[in-house]
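Shown below, as structure tokens, is a lone chain in the form predicted alone; questions about how it binds or moves come after it.
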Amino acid sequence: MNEIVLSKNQFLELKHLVYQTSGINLHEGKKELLKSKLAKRMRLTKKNFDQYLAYLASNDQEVVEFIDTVTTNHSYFFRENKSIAYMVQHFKGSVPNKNQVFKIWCAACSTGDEPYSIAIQLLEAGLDFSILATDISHSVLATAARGIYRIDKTRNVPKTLLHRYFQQGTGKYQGHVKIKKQVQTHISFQRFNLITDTPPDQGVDAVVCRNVMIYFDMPTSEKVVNKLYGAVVPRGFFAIGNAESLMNLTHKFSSIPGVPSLYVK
């Protein structure tokens, strides 16, 4: 296949499509990345460049597939765990009765490492809970629901928890682990677009939305933060990634001293 030559106008049109659909802001430095993702979709759809651009413009499902290809997904278990550990300990110390079910929303769950990590810690704390785990990418959601990972993704998991909540792979799954059913039953995986979809009606005790706003510009980040604010119960938590900040955004969350990237409503 010939190399893709992307004109300035074509790049701007694709950039606009990605931004409008997912909130991801592709700057000029991402042009080569975009071309490689286009080439991948062209191979899969068996279309040349002009045919593919026309197909993308007229097919909503292909837009979903294209955005799925463009999104970068990098995660591992117990990543940036300080804020999650704080949250779990707070829940453990604030249970008014044994029947309380904590509701958590992982609003950009990627391949599932994050919601499973939270679930394991809530189980260890003896708490009852449910987790809604959402992402814009249906392919990462499929990986998350499957619950099978390379062993190196669990490098931060304490050994006792690794043995308690993961099954060791054998045969063709040598070098992999699978999340045990007792963890999976607490989590519901669904596709959700932070830009265009309406949050769940019922208030949640915590929203975890980490390492996705690094791809957004400031107006989009502000829109998403305030949308998520409405989903959290009073005194509920909001966790973002360590590389992210709510500084310079207009919002109503309060930071928690000494705990990076964790806020309270």
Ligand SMILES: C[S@@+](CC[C@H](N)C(=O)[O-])C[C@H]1O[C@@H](n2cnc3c(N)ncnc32)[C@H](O)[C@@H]1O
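Quick note: we count residues from 1 along the sequence shown, nothing fancier. All figures in this text were calculated on a predicted structure; none of them were measured in a lab.
Form predicted together with this ligand: not shown, discussed below.
In the predicted bound form, residue 71 approaches this ligand with a heavy atom inside 4.5 Å.
Although the partner is absent from this view, residue 14 stays clear of this ligand in the predicted bound form, with no non-hydrogen atom inside 4.5 angstroms. Of the heavy atoms in residue 103, none are within 4.5 Å of this ligand in the predicted bound form. By the criterion of a heavy atom within 4.5 Å, residue 129 is excluded from the residues contacting this ligand in the predicted bound form.
Only one of 85-93, 186-194, 118-126, 167-175 lies within 4.5 Å of this ligand in the predicted bound form by heavy atoms, and it is 186-194.
Remark: all three candidate residues (79, 140 and 215) come within 4.5 Å of this ligand in the predicted bound form, counting heavy atoms only.
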